[in-house]
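Here's a solo chain for you in structure tokens, the form predicted on its own.
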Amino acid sequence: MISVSEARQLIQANTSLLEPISTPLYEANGRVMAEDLESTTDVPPFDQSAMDGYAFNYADFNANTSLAIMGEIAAGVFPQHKLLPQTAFRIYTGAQVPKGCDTIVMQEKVRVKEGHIYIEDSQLKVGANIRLKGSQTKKGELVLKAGTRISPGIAGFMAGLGVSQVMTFRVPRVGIINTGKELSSPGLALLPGKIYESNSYSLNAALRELHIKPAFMVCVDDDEAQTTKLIQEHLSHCDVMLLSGGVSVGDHDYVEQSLKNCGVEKIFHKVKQKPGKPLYFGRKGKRLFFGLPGNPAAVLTCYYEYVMPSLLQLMGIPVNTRSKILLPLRKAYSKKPGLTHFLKGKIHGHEVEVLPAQESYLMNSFAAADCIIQLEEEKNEFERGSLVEVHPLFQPLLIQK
């Protein structure tokens, strides 16, 4: 049995970055860029009007002088005429500023009479209300680095540069196998001796937080031959396989042997932690296999503490991206030494509460939790106000430079 830190190190050492692929920008949200991006255009690509108004040469501006209106320039129209002295163009937001114009006065600051404008803006300065060519981005400028995770803001920024495809690290294909003869699907009548299967639902929801849609979700009885056959059939359909239940040492726990039957190399089995002590991790080539406990709270705990960091690493997101903070305990807590404890918690301002119902089969505490509290392996007494490591849940997982 190994420590939590050893388990994390082994998972990290055995997780390889997935290959880059060309991804449509519409589908790239949440993915990580595999190469630097240089702008191929100036943004704006021309001097652009920042508002509806009138464009003119500031040297012609005189409070007592009118300017003749030559015509109008709408957005998306290339101006054909050069500005003449003592004249102005009616111009609209986003339109290209014609040659000879260096200032725009907003329409609310103008009086129009008989085809002329009279500017009534004593605060007007040369260059006002013009977005200069390249004022956001210049052609050839390095704008985004490899390793950047694409957010909605970044997607919009890239689209504004004319980007429609982006090289990203591939999202891992993740499959879920639930083991247990006692499992019944939600929505069906519950027969004697059966319980509703919930692990695939929590894992599916957790994966979708990372923009990962499970490649498959299947159930199998506690049977070595059936489990082996199911693993073998789905090997080629995933980069990561999550198996819940059947991973302990009972007479009906067949996951470890079934994985061995399929040629999976065991990296470790059992971690000094609670919940989730029977956690299994193995690999076959670059494919990764996590044998998770059957109890639903233990499954989700092991996912957040071990599986999720591995998935992030596969996609090119540094394993230290996930936020970890130190907060004081709201109430004292005691545990036996020898195991790291992962507790469902609730953050209240600048302190954290250990929720009730911490047993690994109970999910009501996870339904209320917004964090996981990690308590050190050898320590047994934690006084009120003691600083503890807290792992917030449901946080945006963005690259931090």
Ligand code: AMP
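For every residue, the number given is its place in the sequence shown, counted from 1. What you see is a predicted model, and the numbers here were worked out from it, not measured in a lab.
Separately, the form predicted in complex with the named molecule exists; it is not shown, and the next lines address it.
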Would you check, heavy atoms only and a 4.5 Å threshold, whether Thr228 touches the named molecule in the predicted bound form? no
Verify the contact flag for Asp221: yes if a non-hydrogen atom of it lies within 4.5 Å of a non-hydrogen atom of the named molecule in the predicted bound form, no if not. no
The named molecule contact in the predicted bound form: Thr103, any heavy atom under 4.5 Å: no
Indicate whether the named molecule has at least one heavy atom within 4.5 Å of a heavy atom of Gln107 in the predicted bound form. no
Of the options Gly294, Gly175, Pro275, Pro98, which one has a non-hydrogen atom that comes within 4.5 Å of the named molecule in the predicted bound form? Gly294
Among 152 to 160, 72 to 80, 300 to 308, 191 to 199, which stretch has residues with heavy atoms no more than 4.5 Å from the named molecule in the predicted bound form? 191 to 199
Which residues from 155 to 182 come close to the named molecule in the predicted bound form, meaning a heavy atom within 4.5 Å? Asn178, Thr179, Glu182
